[in-house]
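Before any questions on how it binds or moves, here is one chain, the form predicted alone, in structure tokens.
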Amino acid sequence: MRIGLFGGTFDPIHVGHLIIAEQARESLGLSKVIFVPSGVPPHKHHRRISDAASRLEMTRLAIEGNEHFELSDFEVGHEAASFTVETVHHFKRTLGQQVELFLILGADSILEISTWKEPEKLLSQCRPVVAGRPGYDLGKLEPELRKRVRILEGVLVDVSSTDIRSRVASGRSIRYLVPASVASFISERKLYSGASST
């Protein structure tokens, strides 16, 4: 069985995330994709993150209706920083060693994976699946890492959570950038109003 793990801050989750997850599921023949919103992301300490409950709920709303998508609250239950190597180990242990895990990442993440906790151990337990992103050159990957990485062809979605937060803060529309249910949640909770776009 092949399972995709898709971690991220998801602040907020947007259509780019969903397109990447569905493309990975289809092209790799994944049984399902498990979305894992991060608790305390170690690489995002430079800005304030929305509370975990809101990010979890936005993710739940976004994937609703897709029988191949699942939500995990594994990381949001941790008070300490969330490390991907520990998350992958958790799923390897709970799903069984026979399950083949694919870690779905953006180009920005794979290019800095050497700075993550125990990258070699992480890469021994799963195979990275990478979606291209404008402005990030995957040609810069080290040759050994490039051999391990599966690049999703034809997926280049220029949508970012940073831009969405900035749009909300300045009163601009986010229609079609996030699912309608997520847009409603953001409006009702007044998330990102006056928020920093960094």
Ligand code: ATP
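Start at 1 and count along the sequence shown; that's the residue number. Remember, it's a predicted structure, so these values are computed and weren't measured experimentally.
Only in words, not in the display: the form predicted together with the named molecule, which the text now covers.
Proximity to the named molecule in the predicted complex, single hit among 141, 28, 169, 159 (heavy atom within 4.5 Å): By the 4.5 Å heavy-atom cutoff, the listed residue in contact is 159.
Proximity of residue 106 to the named molecule in the predicted complex, heavy atoms at 4.5 Å: Answer yes; at least one heavy atom of residue 106 falls within 4.5 Å of the named molecule in the predicted complex.
Please run the contact check for residue 9 against the named molecule in the predicted complex: heavy atoms, 4.5 angstroms, yes or no? Answer yes; at least one heavy atom of residue 9 falls within 4.5 Å of the named molecule in the predicted complex.
Although the named molecule is absent from this view, report whether residue 131 comes within 4.5 Å of it in the predicted complex, heavy atoms only. Yes.
Using a 4.5 angstroms cut-off on non-hydrogen atoms, would residue 47 count as touching the named molecule in the predicted complex? Result yes; residue 47 sits at the interface with the named molecule in the predicted complex.
So which of 119 to 127, 89 to 97, 68 to 76, 106 to 114 is the stretch with heavy atoms within 4.5 Å of the named molecule in the predicted complex? Contact criterion met by 106 to 114 only.
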